[in-house]
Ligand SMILES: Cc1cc2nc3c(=O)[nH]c(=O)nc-3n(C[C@H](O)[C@H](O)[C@H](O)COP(=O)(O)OP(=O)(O)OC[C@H]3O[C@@H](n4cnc5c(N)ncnc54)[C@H](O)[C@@H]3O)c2cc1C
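Here we start with a single chain on its own, the form predicted alone, put down as structure tokens.
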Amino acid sequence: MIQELIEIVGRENFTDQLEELVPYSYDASMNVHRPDAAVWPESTEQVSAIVKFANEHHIAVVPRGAGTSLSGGVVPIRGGIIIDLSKMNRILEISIEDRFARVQAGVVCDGLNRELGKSGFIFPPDPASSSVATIGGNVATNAGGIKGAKYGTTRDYVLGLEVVLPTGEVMRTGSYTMKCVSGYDLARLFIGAEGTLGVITEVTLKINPVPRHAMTAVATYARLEDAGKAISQTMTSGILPSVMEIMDKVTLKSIRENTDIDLPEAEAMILAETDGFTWEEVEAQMEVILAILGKNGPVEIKTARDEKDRLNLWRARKSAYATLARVSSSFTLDDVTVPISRIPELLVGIQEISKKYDIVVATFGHAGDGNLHPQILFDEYDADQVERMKKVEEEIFRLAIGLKGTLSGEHGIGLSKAAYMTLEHDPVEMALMRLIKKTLDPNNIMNPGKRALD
């Protein structure tokens, strides 16, 4: 079997050596399991041959981009073969006149945007890991990011896909046009499927012009409820900010104590941004937002339009994840999402759950589309804390679902949330998802053990 894989990809693109497999045993979550082998294909034809081989021998395969998944989505929980797509990293075509880019799955998000930027265009979704995250991974998790409130998620930009099915067959679906209703929308089936239905090898993306100007504002609040109301009122004001982020007091405290950023003591901080093609447009939008922020009792409001000043305001938000990781190396970072009007209830509810179990929970995230990231801090070597962490996580999930929300807005289900799928999806829906999985992947080789689909 090893020799057969080597014949497909070449010896230099195959490994079963322990020291090379260990990095493939984990992602950015707390899940760990080592694969039996890893391969670095350089073409769709090689991916097809690998998957066909795995299907014939009933061997698990796990597609992998940069491994930045926060839910265990690329952890090979049943061993098998990691298909690392990082060598399939070519930008195949950019058509500014037709507004699309066609890329291999291993192209890095920021790399694509640097190339698009030469022509004044951009692929808008921007996950926090965009400097390393790949387009294939973006599609597999339907990644969003800080600008989701205005620009949506990856799903909104996928025009077409090339996918290697579990049989090894190669399918092209979608089109190069802005509109297409020819046949079933099969591309949508694979977007957010976390590699459980096939291996995405090529993506055709819609691209947007880059806004010329932006303005940023930061507001701090002494009451969490006031910050939540300010967000909800902004998003129903007729203005659509390009960014509407929030950080709670635990996150702010962590930033204050672990960086040189001077932040006031507050229950919450909101970071808002507007963008557009003229200053008049940008400032008119920000004027509305500032009025709303101001009438909800802020401690302080700061604004910036100069790029250097804007980046200074952004420093706190960009350092949130890293500073919290310094506070506790053991953590679970979730991404529950609720209707925007329910954000105040979610924020307060998370704090109450944190107090109930005496476990620290820092909350930050993309409040403009209702997507918050509760980061649960604990000691993984303390059995009692681990047990309380699990209870905190379950109650946060139940809270979000009770507020008509979802388990995941952009991180995916993977392993971390698989046990909670039935909280959100009824038996008929779960049965249909399992039927789709069984129909496309009867031997269950594609990223098995994920999303409670086995």
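Quick note: we count residues from 1 along the sequence shown, nothing fancier. Fair warning: this is a prediction, and the values are worked out from it, not measured in the lab.
From this point on, the text means the form predicted in complex with the ligand, which you will not see here.
K.L.:
Spot the stretch among 110-118, 213-221, 138-146, 338-346 with residues whose non-hydrogen atoms come within 4.5 Å of the ligand in the model of the complex.
P.N.:
The contacting stretch here is 138-146.
K.L.:
Wondering, does residue 74 line up within 4.5 Å of the ligand in the model of the complex on heavy atoms?
P.N.:
Residue 74 belongs to the contact set for the ligand.
K.L.:
Residue 41: heavy atom within 4.5 Å of the ligand in the model of the complex?
P.N.:
No - in the model of the complex, heavy atoms of residue 41 and the ligand never come within 4.5 Å of each other.
K.L.:
Although the ligand is absent from this view, report whether residue 91 comes within 4.5 Å of it in the model of the complex, heavy atoms only.
P.N.:
No - in the model of the complex, heavy atoms of residue 91 and the ligand never come within 4.5 Å of each other.
K.L.:
Can you work out whether residue 194 and the ligand are in contact in the model of the complex, taking contact to mean some heavy atom pair no more than 4.5 Å apart?
P.N.:
Residue 194: yes, in contact with the ligand in the model of the complex.
K.L.:
Which listed residue (286, 293, 350, 133) meets the criterion of a heavy atom within 4.5 Å of the ligand in the model of the complex?
P.N.:
Flagged contact: 133.
K.L.:
Identify which of 252, 85, 231, 372 has a heavy atom within 4.5 Å of the ligand in the model of the complex; exactly one of them does.
P.N.:
None of the others qualify; the residue that does is 85.
K.L.:
Scan 150-175 and write down, in order along the chain, each residue with a heavy atom lying within 4.5 Å of the ligand in the model of the complex.
P.N.:
Stretch hits: zero.
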